[in-house]
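The chain below stands alone and is given as structure tokens, in the form predicted alone.
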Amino acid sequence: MLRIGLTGGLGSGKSTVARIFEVLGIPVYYADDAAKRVMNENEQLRKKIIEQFGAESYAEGKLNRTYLSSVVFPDPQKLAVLNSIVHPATIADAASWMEQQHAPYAIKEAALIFESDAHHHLDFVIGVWAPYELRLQRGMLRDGLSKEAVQERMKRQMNEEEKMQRCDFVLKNDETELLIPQVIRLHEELVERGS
């Protein structure tokens, strides 16, 4: 079975693409959701987060995402520390999940596949590309954030052109080319390669 990464910048539409693959019967691991789950369930991870960011990181036994976000997002060094704690646990969780799948291929959907070095554990990486202005609009609509807040988040991600150059396959989600036929063509190729 092939292990496939699916990535793209904020607002690129990678979650939409992931859902299309799911409709085609392909299992998808959503790294952001998994990271939240692992941060709640993994006791060692919980201890490390509390050591670094304080007891306020958890409220009533659950991850206090609002507090943690307010601490790490304004400070790139603190964000890097959090990522260095969480990424290895999420990569291990994804690897375990992949081993349990029974399909020609399985997908790990994650914004930070290259930044977290998760690509080393994958056979191929699919990038979802959309132009900057469209990604900006989508981010503002989806998250209800100001233009400046979305731009700030986008700045923290790898340069989109560099990210796409590092991908093995690129799907265009720019509203000029239909997305579903692109996904179906790629799905057929991956099924063939994974058989």
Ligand code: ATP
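All values derive from a computational prediction rather than experimental measurement. Residue numbers here begin at 1 and follow the sequence given.
Unshown form predicted together with this ligand; subsequent notes refer to it.
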Given that this ligand is not shown alongside this chain, does Arg142 nevertheless sit within 4.5 Å of it in the predicted bound form, heavy atom to heavy atom?
yes
Give a yes or no for Lys48: in the predicted bound form, does one of its heavy atoms lie within 4.5 Å of a heavy atom belonging to this ligand?
no
With a 4.5 Å heavy atom cut-off, would you call Arg138 a contact of this ligand in the predicted bound form?
yes
Closest heavy atom of Leu179 to this ligand in the predicted bound form, within 4.5 Å or not?
yes
Pull the contact list for 146-178: residues with a heavy atom within 4.5 Å of this ligand in the predicted bound form, in sequence order.
Asn173, Glu175
